[in-house]
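What follows is one chain in structure tokens, specifically the form predicted alone.
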């Protein structure tokens, strides 16, 4: 018997085993490369996700991530509830809470948190209003203030400022303009008197002479502005995927805080990170012009994706008192505390 004939039965068995194993290998690969769509804004405060993507943190967790960009926070919550995106990073809004009340979405991690001493949301006046006497936050009574939608974070921020004043939120005229771009245009043209805005936009408006700074939000509220959320279906049916996403996103947060908020940053490392963020924020500008506002927009992100549930409950109570969210909503329906540390 020849060597070839002797080897043939072994080759057949080996080939058969390999063929049988192929579907299982393919299945494992498919499981490892979960397709994930993330709803986000082109804000520096959303950079943790961009960093996690560009540095391969999502890929290391077996996630094939794609970003879908929006113009305001509440549409991201709607898209997440509908399954158009798997995760959303956006402000904790009344619209989001209403969807949570319906059992559609739930917060799983914290993202942006106001912190005294770290530049955050800026309170601005239009040049026209400033020239007419609106030169401080305590003079906002009777003035018009831009926001995206009723129930938005801008709406809630105004209420938190009012808590520290002699006037109430009913003493100002809130103007819903649907998109951040429309808010900016309205302030620059003097159609509204004031607005609250993220620093990478606000500082640029002040430096260009298109608006005047009145103050910082953290002087009135250190609160959990935004969070990471997903559908209740994902939590219940694909928990492992949610855990992997949160881990990767938390790594992006750690990198962002370490580099972008450092007192004495490594210049080369910071430039590299700004270049990553520039792929998503002010990407229509040359790097030299985009870098300063990106750096100026670096805000405090929750380490490890930790959630300030104490503040989130305070927000929920306010929205319920305003009649924007039903009083049936509970914290257990709004927040899943099993993915990250809470405080």
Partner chain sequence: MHSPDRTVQTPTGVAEPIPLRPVAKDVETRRVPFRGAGFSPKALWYVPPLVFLLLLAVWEAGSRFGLISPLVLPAPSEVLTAFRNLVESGMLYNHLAASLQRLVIGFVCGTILGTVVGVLIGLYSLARSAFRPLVAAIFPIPKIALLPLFIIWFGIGEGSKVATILFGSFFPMVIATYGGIDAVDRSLIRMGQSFNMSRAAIIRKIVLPSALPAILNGMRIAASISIILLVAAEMIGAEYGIGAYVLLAGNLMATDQLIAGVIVLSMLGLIVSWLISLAERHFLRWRN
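As the structure is a computational prediction, the values presented were derived from the model and not from experiment. C-alpha atoms forming the largest set that superposes within 1.5 Å between two forms make up the rigid core. Numbering follows the first chain given and starts at 1.
The same protein has a further form, the form predicted together with its partner chain, not shown here; the description that follows concerns it.
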Note: exactly one of 233, 258, 115, 102 sits with a heavy atom within 4.5 Å of its partner chain in the predicted bound form, namely 102
The listed residue (177, 250, 205, 123) that reaches within 4.5 Å of its partner chain in the predicted bound form by any heavy atom is 177
Under a 4.5 Å heavy atom criterion, is residue 246 part of the interface with its partner chain in the predicted bound form?
no
Going by a heavy atom distance of 4.5 Å, is residue 199 a contact of its partner chain in the predicted bound form?
no
Please tell me whether any heavy atom belonging to residue 81 falls inside 4.5 Å of a heavy atom of its partner chain, as the geometry stands in the predicted bound form. yes
Under a 4.5 Å heavy atom criterion, is residue 213 part of the interface with its partner chain in the predicted bound form?
no
Which of 216-224, 144-152, 127-135, 264-272 lies within 4.5 Å of its partner chain in the predicted bound form, heavy atoms considered? The stretch 144-152
Those residues of 84-103 with a non-hydrogen atom no more than 4.5 Å from its partner chain in the predicted bound form are 94, 95, 98, 99, 102
Take the rigid core as the frame of reference and indicate whether the C-alpha of residue 272 shifts by 2 Å or more between this form and the one not shown. no
_Core fit, then residue 193 C-alpha moves 2 Å or more between this form and the one not shown_ = yes
**Message:** residue 85: after superposing the rigid core, is there a C-alpha shift of 2 Å or more between this form and the one not shown?
**Reply:** no
